[in-house]
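Shown next as structure tokens: one chain only, the form predicted alone.
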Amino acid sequence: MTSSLLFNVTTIAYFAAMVIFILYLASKGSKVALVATVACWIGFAANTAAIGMRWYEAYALGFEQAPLSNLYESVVFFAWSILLIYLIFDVRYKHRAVGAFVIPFAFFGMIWAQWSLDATIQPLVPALQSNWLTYHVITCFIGYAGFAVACGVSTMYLIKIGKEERAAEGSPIGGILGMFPSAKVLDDLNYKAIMLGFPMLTLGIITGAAWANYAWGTYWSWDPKETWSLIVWFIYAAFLHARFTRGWVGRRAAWLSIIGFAATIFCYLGVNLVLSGLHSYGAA
């Protein structure tokens, strides 16, 4: 068994979960939702095992490094993080319609990694040879995963609220939208996902600063990656501040959550692939 094979199993399981969750919305069958959830757990287990196996394979090649050193490894870890946060929410709240809007993030990440990115295990460049790498990547991506869940939930909210408003005028909610949680519940889930992701992103920035000082002798250099990570932090800080002090809920909160995740994706991928800087090795 190799990590490549396990990552293939992961991709297939996430695809199956995504499709079955969509079928669940159409069929309204609780057993269908259960099958989709089982597929999620299978994919998550395979993803976990694949990351562990890749770590073992790196050590076998003489590279004492966690599998978090290049774009391929970060994407598959991002997919793992999304499933981690989603499954925590599923165990806690059991709103399984959410899976149809969150699991696609993990699936498309995996399919892109498997089809388009270089999966070769390579030694770390000197700037990456620090335990701070592991702390920084793990905290950042768990934060990103919280924002991915919040984005999926916010998309559901915007779809649902329009229907609920029409229902108030006499048009009943039915069909697929009848399987969504209420707009109030979705707004609350959006807030809770960001409340989980924001502290992790904050830790990611702090550990990144410590890592930068170790690697380059300065805690902050306004590198494009650092600048965009700060932009993302301010967007979600504004979300929480507006909610606490001005009572921002509903559409404004949902749109800010979606904008925040778009900024997160640009910080993660756009900066690496489009801009140049100290973090350009992340595109490798």
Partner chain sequence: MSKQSNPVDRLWDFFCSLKLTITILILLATTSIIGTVIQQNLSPQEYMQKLGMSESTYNLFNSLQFFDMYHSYWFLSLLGLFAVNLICCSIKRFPHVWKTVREPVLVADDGLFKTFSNLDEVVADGSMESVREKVTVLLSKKFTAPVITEQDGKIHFFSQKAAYARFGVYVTHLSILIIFVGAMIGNVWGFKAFVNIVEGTFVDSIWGRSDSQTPIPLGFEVHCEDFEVTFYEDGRRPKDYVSKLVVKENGQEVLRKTIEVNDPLQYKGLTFYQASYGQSGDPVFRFRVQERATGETVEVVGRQGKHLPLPGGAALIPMGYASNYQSFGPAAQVNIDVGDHQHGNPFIVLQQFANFDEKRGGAYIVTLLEAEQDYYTGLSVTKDPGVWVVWIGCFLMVFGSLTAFFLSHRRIWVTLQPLERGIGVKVGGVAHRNQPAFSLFFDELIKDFNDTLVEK
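It should be emphasised that the depicted structure is a prediction, and the values quoted were computed from it without experimental measurement. Numbering follows the first chain given and starts at 1.
One more form of this protein should be noted, the form predicted together with its partner chain, which is absent from this view; the next part is about it.
Under a 4.5 angstroms non-hydrogen atom cutoff, its partner chain in the predicted bound form has Gly217 among its neighbouring residues.
Using a 4.5 Å cutoff between non-hydrogen atoms, Thr227 counts as a contact of its partner chain in the predicted bound form. Heavy atoms of Phe108 never reach within 4.5 Å of its partner chain in the predicted bound form, leaving it off the interface. In the predicted bound form, its partner chain lies farther than 4.5 Å from every heavy atom of Thr155. Judged against its partner chain in the predicted bound form with a 4.5 angstroms heavy atom cut-off, the residues Thr2, Val35 and Val98 are out of contact without exception. Only one of Val185, Leu124, Leu177, Leu87 comes within 4.5 Å of its partner chain in the predicted bound form through a heavy atom, and that residue is Leu124. Between its partner chain and the residues Ala210, Ala119, Ile138, Ile159, the one pair within 4.5 Å by heavy atoms in the predicted bound form involves Ala210.
Exactly one of the stretches 39-47, 227-235, 52-60, 26-34 approaches its partner chain in the predicted bound form with heavy atoms within 4.5 Å, and it is 227-235.
Along 237-264, a non-hydrogen atom within 4.5 Å of its partner chain in the predicted bound form is carried by Ala237, Ala238, Leu240, His241, Ala242, Phe244, Thr245, Arg246, Trp248, Leu256, in order along the sequence. Cα of Phe198 to Cα of Gly247: at least 3 Å longer in the predicted bound form than in the shown structure.
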